[in-house]
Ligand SMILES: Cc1cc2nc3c(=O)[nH]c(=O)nc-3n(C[C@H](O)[C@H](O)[C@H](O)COP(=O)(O)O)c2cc1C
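Shown here is one chain on its own, the form predicted alone, set out as structure tokens.
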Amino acid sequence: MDVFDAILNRRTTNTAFIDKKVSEEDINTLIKMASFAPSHFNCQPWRFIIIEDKELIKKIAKIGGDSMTQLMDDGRFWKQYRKYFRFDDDEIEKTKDGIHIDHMPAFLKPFAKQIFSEAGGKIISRFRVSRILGNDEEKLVADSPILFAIALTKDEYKKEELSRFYSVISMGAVIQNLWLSTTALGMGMQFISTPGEIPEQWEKIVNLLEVPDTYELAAVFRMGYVDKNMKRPTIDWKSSQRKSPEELSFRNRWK
């Protein structure tokens, strides 16, 4: 696939993957492409864990689903992310950013803006929205053929030092390489983010993966082969809109 096509066609996979084992050849390709990301002084501060064990994946899935439910029930999710929610085409056209929540059960649609708000706790509880999303996340992760974890060496990933910033830049390049590579291979990829927002939940995954103290577990993604006809989760969204180049960029000086 042409690199420009890969960039334009890259999407986060919100749906399930098809029931197909990821080939050893494709796994090796992903590792190789990730390893060719740039890093400061070629320090290569990352290590990768490819998780194929089904029982281990299910345990991580349970942590992910419970984390989603917890974040919603205690209000942190809404407080942090409400500003990114969009509910109709007019909002999308106006902002050209955020996520368009366009798929949900019919009985929830009249209450969408109330549910997805900081003040929506009672409605969330009444309609069990947090559990719906938690269950969906758990199932999506549990049914994934592989998980791909990235850890950063603490020799580079040091708090309050520039090396930490450089390490994060390098990891961003790794992630983009992976996203473009999965796109080219007919695969999809999604960040398992919710456990990372609850330290004690993240620590459970660190322990499950037996990450040594000299490394910091930084990110975990689910991966697999995609089919555009796969059923969408109970509550789902799109985020393909982009601001125009003229709005995003300046020449020589800011404006």
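What you see is a predicted model, and the numbers here were worked out from it, not measured in a lab. We number the residues from 1 along the sequence you see.
The same protein also has a form predicted together with the ligand, omitted here; what follows describes it.
Peer 1: Taking 4.5 angstroms as the cut-off for heavy atoms, does residue 78 touch the ligand in the predicted complex?
Peer 2: No.
Peer 1: Please check if residue 231 has a heavy atom lying within 4.5 Å of any heavy atom of the ligand in the predicted complex.
Peer 2: So residue 231 does not count as contacting the ligand.
Peer 1: Is there a heavy atom of residue 179 lying 4.5 Å or less from a heavy atom of the ligand in the predicted complex?
Peer 2: Yes.
Peer 1: Mark residue 99 yes when one of its heavy atoms lies within 4.5 Å of a heavy atom of the ligand in the predicted complex, and no otherwise.
Peer 2: Answer yes; at least one heavy atom of residue 99 falls within 4.5 Å of the ligand in the predicted complex.
Peer 1: State the residue from 69, 201, 190, 39 whose non-hydrogen atoms include one within 4.5 Å of the ligand in the predicted complex.
Peer 2: Of the listed residues, the single hit is 190.
Peer 1: Using a 4.5 Å heavy atom cut-off, indicate which stretch of 24-32, 48-56, 190-198, 203-211 touches the ligand in the predicted complex.
Peer 2: In the other structure, the partner sits against 190-198.
Peer 1: Output the sequence-ordered list of residues from 2-37 with at least one heavy atom within 4.5 Å of the ligand in the predicted complex.
Peer 2: Going through 2-37 in order - heavy atoms within 4.5 Å of the ligand in the predicted complex - the hits are 10, 11, 12, 14.
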